[in-house]
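Just the one chain here, laid out as structure tokens, in the form predicted alone.
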């Protein structure tokens, strides 16, 4: 297996792994180490079957259940089918970390491009490690110990047609409180645990003060030096560590059609192992 960095801060392309065949333990561990080191990894032209996609995801840990809003691939309820065109525009074209409002934040996602537009439809990822490392030392000290309230954020757009629907959606998705400075459970590295889509308030602050800090953090994290951009080709596979990254699916391709298949790995079965290669 060979890896080639996409940017200095985040991302690597992996070669020399055939995902159409069952992974050996050594290959799975190698992909895991590459993921933790580079935060998001890519395999060009993987184009694996739904069965192989599912087997790959299961080698990394416990899978999420069926998505409460999005459809699934026929016969595979744990594979979300993300398809968009002018009749079904995307609803998450903003920087976000998946499902931070849930009690258990997912470990990782594995995404396969099934159909991509001729132009546009890229996805961007950003390193929350790099965002933390760039903080002034005084700001690191100020943020340490602060907690943020997360809720369904932009998903309100899916429920906003009536107060009853909105209240039902909020009850289903709920809230979660997380520290603004997180520590990765495997690498031990600190990261800025904030995303503009789902953080709605900073605990212990007034609304004006919290909003000012949210704007500051949003601007701080919007630096190209922390980011990478992937130009999809049909069959490409991406896997990212959802604990220490944000991503943004760029919605610039409409009215063209884009279809992706995604599996979310909720729990990391290797968590608790301290890997020298990534710590």
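The model shown is predicted, which means the values in this text are computed figures rather than measured ones. Positions refer to the first chain, counted from 1.
Although not depicted, the form predicted together with a small molecule is the subject of the following passage.
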Legend entry - Complete contact of 178, 205 and 213 with the small molecule in the predicted bound form (any heavy atom, 4.5 Å): no
Legend entry - Contact flag, residue 105 vs the small molecule in the predicted bound form, heavy atom cut 4.5 Å: no
Legend entry - the small molecule contact in the predicted bound form: residue 38, any heavy atom under 4.5 Å: no
Inset, instruction - Check whether residue 260 has any heavy atom within 4.5 Å of a heavy atom of the small molecule in the predicted bound form, and answer yes or no. - result: yes
Legend entry - Contact of residue 98 with the small molecule in the predicted bound form (heavy atom, 4.5 Å): yes
Legend entry - Options 41-49, 218-226, 246-254, 55-63; stretch whose heavy atom lies within 4.5 Å of the small molecule in the predicted bound form: 246-254
Inset, instruction - Have a look at 79, 197, 82, 186 for me and say which one sits with a heavy atom within 4.5 Å of the small molecule in the predicted bound form. - result: 82
